[in-house]
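Read on for two forms of one protein chain; each stands alone as structure tokens, with the labels structure 1 and structure 2.
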Structure 1
């Protein structure tokens, strides 16, 4: 007994010493009255110390290797289906652009950032079965003002030049992306919260977004040492109308109950935002372990917390007492929308409307990222109809190059209180080469979302974690002077002038090719004379000279 016990005890100590990885899982549920429910999964793996990923304990080795191989300091990848509706739903924990979005900071030692970026995107493409390999130079930009690293960073270093950003709005997210994503988790999908994520139910939602966010965090306040934090997130929005009742339960949302915590996790918690309970009363069963009141930036949030320790099947149920109540939606402090103007195939315009519902001005950075086939003209930029606007505090514009570089416009704006600011910028339609049209060319071409980074003066509707926090407890009473957030507007679609790719067009192409191919030999036959020549008879010198002159004559 003792003999057996001592080696295993030593082994256990040894494992702890080799890798002190820490894994936590959390679910945050927030009803979005009147008709939606927001469910957010967080899986956080903290990797201790300076790592080479030759050995990994809980952290996914595949991802770690990518990070160290391409010297990535910070990485954000989201794959999203659907559009978060800020006006109705408030703000998500982490916003994501429809389709695929990837941005990363490379370490300052990296000189050829573009090459590393290309390799990184291709590798991630393989890892997540997403078409990230379509990220090329012509859809990559380096934002100057709107993105900043969230992790620990050395001071006085130019991080902007090491940043690359790309989004693929046409990407369709499906099970094939979720499965490899789940494989990165220590419990995969067999135990813990991740077992709730079965794709059949997830793809029934109104909005779903999976993401991987890797960054460095400080071990302690001195920040002499850093951890690597790998955060995997899933955001789901359910529609009560589609799930056919307002009462929700885990069984209804995920098709099964919660089988308990992941045995490898150090903490497994479920937070349910019960603030809306005051207007839309609902009752949770079983009773939560405790209820936390959080004061943050002038808004009060009530959170019901479940601390899951055992592995007993569990089903959290919310039953609403009042149904079909008229709900008055109070929009969050900053709302925005983007759309395309005009009709026909000559000119168009992109409009971004930013509404500040707050009583104080809000500073935002707006990033418009137009692909090369949508040349936006800086000269046509109008803010509330004016070419010269006092609202612009800083501006960066980098014109695109055909087939090489997208158009990139960044504006630092101060939005006046209680007002709507309308930005319009015109574009001309361009003709593409005929091989450049994607399949289903008449479907239309996607314009990616604009990025809006804002420092919100109030935490109303704000659910994001503070910048230094890893887990959801850090939200509680985390008042700050301002609350940073990066939003994505909705995308848009334009239809470029498209040739008729139907049969006549193909026939014309084919016929032209055939004619061109046939013309050569026919021309040869018609214009050249075939002369019989005796083979092998040697020519005399005189004849050779004569031949030279003959040729010249011709």
Structure 2
């Protein structure tokens, strides 16, 4: 960060206003009774649409150059550790798959999308110190119905052909990913809300996810001009057992208090969901600046709002009055789970259960993405033992090729009200080459999460922002006919036929032992000479030297 004096600072702010750049930071906190706490960070940077990133102001130049160089219209990247429990915790602000997930829309002018996709993933791999360079054609698909662009797009173009999606469920999230992520912020980690992101405290949670989402947004209703929106997110789920108390505070969660707002932000707000006060009452200290009651989609949400404007150290504390009260968990409208069937090393199956808890039918799009080494058989698809025509409204299937492309299945389903729909599809195991096994092959092979796209008819347990909104102010009284959401199921693991990699080690050890034991006697026999000497008369040193020179002379 540059150290600016007071006149220089105001001049810098004036330049930013002329350029049209804007930066906002927000924190959303929601208790998840009875034993968890959800914390979501939002950092939004709006860049003028005419910005060429030759001179960056608030937006990270590295990310802007990636978008312009590879002609990316919209980008979504998440790195997640842990699994979000939808049935117990409700819905997050942004759902993410375990591991690494990347999908992007490219400009219609891009002809060779696969080449740009490979360059994009490799560049992001170096930028975020992640293993995105392992994204190849054999683990990339082009969804047809499951994903849709959230930014400003040209309606005349078919953007499904310009879309690429890939996930790496084995990717581990660590401090190496968080550090370059924080460097993209205008204040980095020295000021503002980002100073709370202590890696030691973040990685001590049940669930943590960092993400970067870039899209084009309309300046006005006519959408003649657009801005580039760069949104960086962090989602955390704390367990009260880890912090050893149901009472929480910033010092317990992040190891320090809030040092104030970022000097470059136009808005710094903290939203705390106090709706659960009706069952688990807690008191906030200090008092919030405002209490907002939001009615959205048949649900009422009470939000305590803090406006952070100064640079004074602040610690928000929540103390519960009742800690042993029984909590009744009401599941959200749509819940789901995924698991693997089968035994042995020949056949198996993937099972996806979709539960509609609502009184009306819900239409969903299910995307199954199976790797090439797990071929799925479309003829074996079974849905609750009923005829597929009763539930499947549309389907798309792309068979995979060995070591070239994965298996891709999409189904448009209509889930009956108050019912559970079970989809089962069989697969076969494939023998891999010995170079294709990971170092810990006996640990198992991960299967990526299935994607479930749905337009929910109600906003119960729904915390997502509207498509055209970028801050939490947009969720207040934002009732709509439908509430779109893209869910990710839990991951799964299979055990492929694995050779005994200890056999080469045993053979090498045995062969080396035999060679070592046989080399000594053979070397002595071939290189040494037996000489007789009189018994009881040891040779003197002079006699030994004389015998040696005599042997060399002969």
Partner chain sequence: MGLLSDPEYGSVKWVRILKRIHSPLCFIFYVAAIAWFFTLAHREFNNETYFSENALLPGLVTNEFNGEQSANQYFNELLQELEEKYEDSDEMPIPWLVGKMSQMHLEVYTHNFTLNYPLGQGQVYKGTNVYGILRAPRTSSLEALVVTAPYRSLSNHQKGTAAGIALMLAFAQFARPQKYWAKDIIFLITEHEQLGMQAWLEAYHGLQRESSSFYTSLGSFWQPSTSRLDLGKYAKGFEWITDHSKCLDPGTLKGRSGSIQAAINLEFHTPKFKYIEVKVEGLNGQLPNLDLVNLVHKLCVKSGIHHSYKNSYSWIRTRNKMDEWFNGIWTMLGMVSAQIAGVPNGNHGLFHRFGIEAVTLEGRDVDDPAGMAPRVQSLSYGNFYRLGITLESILRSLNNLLERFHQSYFFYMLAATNRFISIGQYMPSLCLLCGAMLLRALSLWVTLQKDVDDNTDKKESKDKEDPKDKTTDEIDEDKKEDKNEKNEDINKTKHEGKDRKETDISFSIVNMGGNYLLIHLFGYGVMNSPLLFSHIGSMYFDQPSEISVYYGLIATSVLLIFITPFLLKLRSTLTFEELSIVNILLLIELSTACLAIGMHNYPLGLCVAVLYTPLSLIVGVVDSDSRSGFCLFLKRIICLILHPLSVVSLGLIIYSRVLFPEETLLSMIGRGRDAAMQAVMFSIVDSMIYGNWLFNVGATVILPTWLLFWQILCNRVTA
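Just so we're clear, the structure is a prediction, and the values are computed from it rather than from any experiment. Definition used throughout: the rigid core is the maximal C-alpha set that superposes within 1.5 Å between two forms. Numbering follows the first chain given and starts at 1.
- Matching the description of the form predicted together with its partner chain is structure 1; structure 2 comes from elsewhere.
- Considered as rigid units moving between the two structures, the segments carrying residue 225 and residue 117 are the same unit.
- The interdomain rotation between the two structures, with the chain split into two rigid parts and fitted on C-alpha atoms, amounts to 133°.
- After superposing on the rigid core, the C-alpha of residue 503 is displaced by 3.5 Å between the two structures.
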